[in-house]
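Only one chain is included here, represented as structure tokens and corresponding to the form predicted alone.
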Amino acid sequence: MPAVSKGDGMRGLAVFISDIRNCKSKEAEIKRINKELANIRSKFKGDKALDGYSKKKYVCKLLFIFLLGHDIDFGHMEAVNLLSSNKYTEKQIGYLFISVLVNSNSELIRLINNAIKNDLSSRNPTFMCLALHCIANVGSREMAEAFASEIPRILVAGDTMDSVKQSAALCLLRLYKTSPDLVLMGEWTSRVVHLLNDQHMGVVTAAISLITCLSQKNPDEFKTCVSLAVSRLSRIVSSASTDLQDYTYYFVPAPWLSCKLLRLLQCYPPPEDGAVKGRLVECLETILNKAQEPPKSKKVQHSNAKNAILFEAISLIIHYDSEPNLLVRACNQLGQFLQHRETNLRYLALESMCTLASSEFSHEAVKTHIETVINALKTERDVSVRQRAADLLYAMCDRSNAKQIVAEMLSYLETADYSIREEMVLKVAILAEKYAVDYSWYVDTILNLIRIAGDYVSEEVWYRVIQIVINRDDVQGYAAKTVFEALQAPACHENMVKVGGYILGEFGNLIAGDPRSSPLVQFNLLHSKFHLCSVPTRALLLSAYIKFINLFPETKATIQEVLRCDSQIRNSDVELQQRAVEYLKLSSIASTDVLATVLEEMPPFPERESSILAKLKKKKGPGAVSVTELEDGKREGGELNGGGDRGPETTAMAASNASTPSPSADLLGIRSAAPISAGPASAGSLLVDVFSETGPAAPSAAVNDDGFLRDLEQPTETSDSLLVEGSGDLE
């Protein structure tokens, strides 16, 4: 680029800038600017033609005024006229003004395009670079239409200078991002790819940015770049810092180019050619080896450049997921960063290890760092690092360490930041269900979860524990006993009252033999919470009371007295009033046999989709819950959801709905491959309904339209009818 001579300095511009800086108030600044604008306007409209220097000076002043935040509505034509100048400084100011002030829809675009065409065809490298920079800065569709076919020719031409090639590659990248339909490489594809072999490292660095973007949209067209990228990466990695002196940054050869090459390779699967793949593995091993070497400089720039390459290499290793040795080595290297004094490195290490934990080759290696991760969860000052530590614990959890990890996450929940509590609750609920073999442990965990973070326990979580308890005969008594004890706490969360009301209403008889949990004690305990609860919870408790009359006839008089009081049958809420009136009438006129039929125990829930996992995925965004994790859940899940045999109505309904697509499965990116069997469901996976790829079965036909099931699914819906035909229950 030509040097600016001493005479090119614009004294008038310097004086104007000095005057602006010396203004004591905003009003003084505006007054000085208005005076200057009037002067410039008069010069542009004057009869005397201005020379190039004067135009350049006044255009510069306008540009400075615009950058101060003032609108400029003239001078654009004078800037366009500067483009035709043969002096570099005048042409430069013209292009600068246009890049900053000219709108992409301006009427002057055609004039500007003509000037750009002249500069591109001039073969003057300095003028060509200025023109290319202007195209990239404006990036309008009209410019893309005018130059999208011209710029690739300049890029691959043999006589184009290296500096122009760099500008052309980046200019083409800009046009492709704004108007991809207009940038068609076609015949230029192979020649653009071969720029990776260019002798000039700057050209390679610019070209690889373009190729990476093109490869993401059209991978098949640019797949030949893989071998060239591996070859170039090998030369950089194996070179000494003195070999690439102009592109060595604090003893690290070409760090930016290395990172871009590794990122480009992540657009493709592992190379099929054995020689290319072997060479790439050698490069990755060399990068991992260099990470173990003592630093050649204590400067932070050296470690940053070195670690940038290392993390991109690890990302590529994770992307390939086919080299067990490299995956384990990457995991061990990241493990060293977990205790690094630099917060950013700890964060990046935790984030990368989350991905490594999903690989069958490196999962065990990740698990060896469990104590370090737990310590990070407890002691880290930065909340984002603690959140990544929680994510990693979730990712590394399996049957062997589930109880330890869930216990640590529950412990952390008591002091966790409010911003991540809901997500933590979902993770604990999923892990407890996914890896539960001891059902009493599962019940304890969920009730603990409600006790510790009840405000963050969504409906999906407590719905799910009720479904599982109903479907498992062997845990019902323990659940009733545990929830009864939990309700005795002075401060009891409303979600605990919901779970307690439902479970005691169904299975309170299993603990009624103990005088400490006699029917009347159970009722009094639940009713002591009644006045503290919201309307939906009170509605659920009223349903529990009518269930008590069926389970414990001795409580009938006490419960009828409660239902008969004015606060119930004259309640301002229509739902509570209707329930109180209907339940009171039912308990008064129905015989024991009718009550037993209407209020019998809930049948097992059909296999259905749980929304806990889908909610976590929605909260975390796409990719948070992998399909592999879902398959693992189906394979490793216990039998928590599959209780006894379903009734005939349930089986028939399940069969009729077997081929219905699962909404939650669609959310998780899964499509049903085959319908499930219409036969009775056996004791299947612990997460059979969370991870099922088939649609959820419809609710049992034996379930009534007004009772516990509605309380479970839609607590606020108004009941339509009370009695059910045949054997059934209140929701």
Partner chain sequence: MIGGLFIYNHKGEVLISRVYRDDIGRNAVDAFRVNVIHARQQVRSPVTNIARTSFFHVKRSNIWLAAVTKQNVNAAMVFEFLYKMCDVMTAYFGKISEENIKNNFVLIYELLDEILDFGYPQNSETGALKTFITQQGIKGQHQTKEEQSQITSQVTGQIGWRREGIKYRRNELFLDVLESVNLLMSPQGQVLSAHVSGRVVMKSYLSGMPECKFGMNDKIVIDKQGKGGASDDAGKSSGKQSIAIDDCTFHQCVRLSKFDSERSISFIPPDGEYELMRYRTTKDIILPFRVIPLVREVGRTKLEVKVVIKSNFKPSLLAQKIEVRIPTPLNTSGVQVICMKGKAKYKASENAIVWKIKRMAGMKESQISAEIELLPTNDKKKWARPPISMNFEVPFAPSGLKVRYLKVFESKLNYSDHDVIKWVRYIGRSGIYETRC
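Positions refer to the first chain, counted from 1. Being a predicted model, the structure only gives us computed values, none of them experimental. In this text, the rigid core denotes the largest set of C-alpha atoms whose superposition between the two forms falls within 1.5 Å.
One more form of this protein, predicted together with the partner chain, exists but is not displayed; see below.
Interface residue among H76, R464, R538, K427, judged by heavy atoms within 4.5 Å of the partner chain in the predicted complex: H76. In terms of contact with the partner chain in the predicted complex, the residue from D455, E371, E107, E561 that brings a heavy atom within 4.5 Å is E107.
With respect to the partner chain in the predicted complex, the three residues S440, K481 and F484 uniformly fall beyond 4.5 angstroms at the level of their nearest heavy atom. The partner chain is not drawn, but in the predicted complex it has no heavy atom within 4.5 Å of F66. The partner chain is not shown here, but in the predicted complex it comes within 4.5 Å of a heavy atom of F44. Residue contact check for A49: none of its heavy atoms lie within 4.5 Å of the partner chain in the predicted complex.
Shown without its partner, the chain has no residue in segment 373 to 388 with a non-hydrogen atom within 4.5 angstroms of the partner chain in the predicted complex.
Residue displacement note: A489 has its CA displaced by under 2 Å between this form and the one not shown (rigid core superposed). With the core held fixed, the Cα of V80 is displaced between this form and the one not shown by 2 Å or more.
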